[in-house]
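Starting off, we have a lone chain in the form predicted on its own, written out as structure tokens.
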């Protein structure tokens, strides 16, 4: 029977059968098991939210997780309040607040270096199956830290360890070494319509 002679149900079943064969072949070829570096960047909302969703997923698998937040330090967030309840999570909020709030490059660099010292310890810790470096891309954009130094630590980390890096303007060299990169696009945001940050959404 040719496709034009099929019913819509039959055509759908045939298309899905072809798609399944393609997907099954890709799954078969994906035979590696190792830690991956994920970069979540772009102007769209949800980069940190995506990272913390993966933290929840990791905890569901009894994995230990390290978290370092580089910029967000001036206000309490729901994710911090929630994930601090778990002894499997090493949570560090190290920022001084957004750069336009501090207006002090030297202080921002000191905060970034202190946060990176902890991040390096986490990246060298084989007991941590996942490390989240929240807003690290902002730190790299302003050159508070060297991209080469970060890449070296990522390269030397335990083979099984996953690393998630968030923040706008991820540098090209970091994107190059990452395994998975998402560049989110902003289409609309409530803040532009005068809606302040909401608990459970931004906070």
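Positions refer to the first chain, counted from 1. Given the structure is predicted, the values throughout are model-derived calculations rather than measurements.
Just so it is clear, the following notes concern the form predicted together with a further copy of the same chain, a form of the same protein that is not shown.
Using a 4.5 Å cutoff between non-hydrogen atoms, residue 105 counts as a contact of a further copy of the same chain in the predicted complex. At least one heavy atom of residue 38 is located within 4.5 Å of a further copy of the same chain in the predicted complex.
Of the heavy atoms in residue 45, some are within 4.5 Å of a further copy of the same chain in the predicted complex.
Interface residue remark: residue 148 is not counted as part of the site for a further copy of the same chain in the predicted complex, having no heavy atom within 4.5 Å. Contact residues in stretch 179-199 (any heavy atom within 4.5 Å of a further copy of the same chain, taken in the predicted complex) are 179, 180, 181, 182, 183, 184, 185, 186, 187, 188, 189, 190, 191, 193, 194, 195, 196, 198, 199.
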